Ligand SMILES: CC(C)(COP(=O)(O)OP(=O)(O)OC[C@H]1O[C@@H](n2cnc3c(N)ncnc32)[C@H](O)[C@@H]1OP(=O)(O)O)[C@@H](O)C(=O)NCCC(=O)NCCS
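This document opens with one chain alone, in structure tokens, the form predicted on its own.
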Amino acid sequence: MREKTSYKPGLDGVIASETQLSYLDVEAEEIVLRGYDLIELAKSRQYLDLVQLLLQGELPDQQERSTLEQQLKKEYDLPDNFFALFHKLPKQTHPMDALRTGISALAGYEQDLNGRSEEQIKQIALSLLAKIPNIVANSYHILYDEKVIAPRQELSYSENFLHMITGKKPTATEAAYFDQSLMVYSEHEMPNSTFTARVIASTNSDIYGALTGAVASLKGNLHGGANEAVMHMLLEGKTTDGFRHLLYEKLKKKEKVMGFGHRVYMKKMDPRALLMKEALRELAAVKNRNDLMEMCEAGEQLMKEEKGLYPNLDYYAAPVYYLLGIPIDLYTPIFFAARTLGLCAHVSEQYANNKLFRPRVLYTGPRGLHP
């Protein structure tokens, strides 16, 4: 039996894989994507630039980005009668469950489901990046008996995604901050959903199966569902004083306060949260909702003083999405849509240098029993 000291609950700090995709350098406060600082990229580039960076290894120039966007636009539409699938789901179905069902169903339309070459996976990844926003937005509309909103070719990738959700053409400011949110959600080394996708891919299962498993992982409120919980807390608090009181009550009852703390960022604030905090500041000013900014800052200060915890990305992304007019139930599906890029890159990397994941356990049960 292995020494108990070798056991780390939750595989905390255990190196599970080699990767050239991303790395969280906590001491330097840097999220590295193929050598670049993600925050610098989010301030100066676009989500589509990350698509080429993660899938092909280099940033595109303007012409390459334009070509990539045209490739994606050709893949926006879903197969004929695909939406009939969502009409058959119970109305209480969570949008993440609808998304999981939709991705799984797409596998049936893939011409070469067993293809594992880098080029084949790249083409499937582009198809998924094009189609998943359509699934996210319109499965929600169908579940809520709303009209399906078709993709608009004249809009940019992020503009079109936000338009399909809200039914409105976003302003330049709205589109810019939504695109920035997709960037900071796009890739983050080895969280649970990415590990899940790589474990599934390691069995030589197809990429649709890997992403379907990742959806199930991301749905959990300890991973992706936190952004929804944050917004519900803000709405319940209503005012700065009310929000403070709500947080104090949760702490008194020893309840977990969503949006704070991170398995990696334990002593410093998540740099992605800092970026979304500035996005919230500008959107709140533009939309005359400075009260929301004040509530968030008050909660941030309280949690730092009371628990020594700092906001994670979900804490500030949630009110940003709220001001963009996005329904709360879609916050986590949007997170997944953005993370599809990182997941596909990890699955491709797993296929290229595969080793089946097969860990062992520390057995703590009885021995020597006989019938």
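Heads up: residue numbers just count along the shown sequence, starting at 1. Since the model is a prediction, treat every value here as computed from it, not as a measurement.
Omitted here: the form predicted together with this ligand. The next part is about that form.
For the options H223, R116, R281, K73, the residue carrying a heavy atom within 4.5 angstroms of this ligand in the predicted complex is H223.
Checked against this ligand in the predicted complex, the candidates H163, H94, K277, H262 yield a single residue with a heavy atom inside 4.5 Å, and that residue is H262.
Contact check for K88, T101 and H141: none of the three has a heavy atom within 4.5 Å of this ligand in the predicted complex. Heavy atoms within 4.5 Å of this ligand in the predicted complex map, among the stretches 234-242, 206-214, 121-129, 251-259, onto 251-259 alone. For L68, no non-hydrogen atom is located within 4.5 Å of this ligand in the predicted complex, even though that partner is not displayed.
Taking the partner from the other structure, this ligand in the predicted complex has a heavy atom within 4.5 Å of a heavy atom of K307.
Taking the partner from the other structure, this ligand in the predicted complex has a heavy atom within 4.5 Å of a heavy atom of M303. None of the heavy atoms of T340 is located within 4.5 Å of this ligand in the predicted complex. Contact residues in stretch 343-364 (any heavy atom within 4.5 Å of this ligand, taken in the predicted complex) are absent; none meets the cut-off.
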